[in-house]
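Below sits a lone chain in structure tokens, taken as the form predicted alone.
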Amino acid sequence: MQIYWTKINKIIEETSEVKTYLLDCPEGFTWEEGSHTHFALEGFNAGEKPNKSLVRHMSISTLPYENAIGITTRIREKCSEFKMILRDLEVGSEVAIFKTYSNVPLKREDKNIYLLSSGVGLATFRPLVLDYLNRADNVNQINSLNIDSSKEFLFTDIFESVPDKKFTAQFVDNRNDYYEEVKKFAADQDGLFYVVGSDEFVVQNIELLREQGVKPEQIMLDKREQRRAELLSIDLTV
């Protein structure tokens, strides 16, 4: 396993609780849209065993052509030890990234794509949308729907409907509106549905999509295959 040590080169205050940490790109480090990585703070591997409390599984919210590795995360006033340390880091602070992989690359199968996210989960989809807007080959259209009760919506400069490019972006702040829109999307029995958020959010979306007739193979999750299979095997009769 290769560990890439790098430095924070910019910190963006996205909203009152969400920050994006832009990291320098280490030599030889590559990734694709939909990638996640293990993001670690200094000292995580100082002992005989890694200190897992200093490591988090994070999506990369940028694409390589942006020349920075973006880590977007919510840091509330009351937060974990990891987030407390992260909140105090400054430009120039050293962090580590390793085990980078994409479970949700943009599928170019001449279908409609629906991106369903909650809060900061939208960070996972930012690179997919950028990739599509730069090159729409073999994608019919993309529809993004994000729910955030804080009403402080993320990346509104990118998640803005572009009819000419067959891209629509919607933000809602309540579950009723959110689930009504998902039902409309699910009428597309051939679409691809990407879901990112908490496990509870993911399970609720899977249940709703399955009830509407969407097949498991049409649902894309930012999970490794075993966990994805577990989530998609939910018994709807319970």
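Fair warning: this is a prediction, and the values are worked out from it, not measured in the lab. Quick note: we count residues from 1 along the sequence shown, nothing fancier.
Missing here is the form predicted in complex with a small molecule; even so, the following discussion is about that form.
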Just one of 145 to 153, 80 to 88, 163 to 171, 128 to 136 has residues with a heavy atom within 4.5 Å of the small molecule in the predicted complex, so point it out. 80 to 88
Can residue 117 be called a contact residue for the small molecule in the predicted complex at 4.5 Å between heavy atoms? no
Residue-level question: is residue 58 within 4.5 Å of the small molecule in the predicted complex, judged on heavy atoms? yes
Quick check on residue 36: any heavy atom within 4.5 Å of the small molecule in the predicted complex? yes
Hey, in the predicted complex, is residue 108 touching the small molecule, heavy atoms inside 4.5 Å? no
